[in-house]
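Here you get one chain, nothing else, as structure tokens; it is the form predicted alone.
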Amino acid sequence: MMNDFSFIAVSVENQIGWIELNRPKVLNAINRPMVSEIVSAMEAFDRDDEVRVIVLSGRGRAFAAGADINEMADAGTVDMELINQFAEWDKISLIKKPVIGAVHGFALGGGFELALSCDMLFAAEGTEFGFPEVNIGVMPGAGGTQRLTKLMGKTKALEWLWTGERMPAKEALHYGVINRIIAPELLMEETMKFARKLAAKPPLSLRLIKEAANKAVDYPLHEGMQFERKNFYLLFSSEDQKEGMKAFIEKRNPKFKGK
């Protein structure tokens, strides 16, 4: 798997699967083949027992400068419907393992949508986010209007979606769009440190917590709590639950196997 990609670079170290957008000459502009490669790599990591956390970043001066406009400029409505390009994007939301985005420079348009597809986001100081689609007569189409609005609330999200202006990292942090701002030279180190912290946790717990938290965004409270409860009960079938509780009682560090 490791060498089959043209638009991304991938590696595995310390149970972390790392995906790096690798079109630095065009500021990692996202085209359809790149999305397919990102999805393929994520799905492979999701199936790989050696990988517990996935990290996504961009090579060069920026995370991603948006979608490749040349791909779409001459398309018609029926073309877009038949290409169905966002069906690939939708697969990212099916990944069960934690996905952490490490973003620097800027994440614009499709690059911002890709960042918002991650479970958590760490951003270098000075990073800018934005949806400039309105300036070229379109709008976000891979979840931008939905994810940003769920995170920021409608009034604030509309300000950025309507103006197409760039959102500074501090604003993104204030509204919970990103988790933390990190000095640029420490971005990958701090992201990997956090990823390793997660990799030491019981994988099934992480998986079912992610699933339940995602439901909380969309479900009414009662339905969400019923879903949470079933996942809570489900973990009592795992070896890791037995090991975790036994280790707690015996006052020792647990050894989690993801089973």
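Since the structure is predicted, the reported quantities are computational estimates derived from the model, not experimental observations. Position 1 is the first residue in the sequence shown; the rest follow in order.
Keep in mind that the form predicted in complex with a small molecule is not shown, yet the notes after this line are about it.
Of the candidate stretches 188 to 196, 59 to 67, 201 to 209, 226 to 234, only 59 to 67 has residues whose heavy atoms lie within 4.5 Å of the small molecule in the predicted bound form. Although the partner is absent from this view, P98 stays clear of the small molecule in the predicted bound form, with no non-hydrogen atom inside 4.5 angstroms. Mapping the unseen interface onto this chain, G126 falls outside it, with no heavy atom inside 4.5 Å of the small molecule in the predicted bound form. Heavy atoms of P168 never reach within 4.5 Å of the small molecule in the predicted bound form, leaving it off the interface. A115 falls outside the set of residues with a heavy atom inside 4.5 Å of the small molecule in the predicted bound form.
L108 is the sole member of L148, L121, A172, L108 with a non-hydrogen atom within 4.5 Å of the small molecule in the predicted bound form. Residue I136 is the only one of L158, A75, I181, I136 with a heavy atom lying within 4.5 Å of the small molecule in the predicted bound form.
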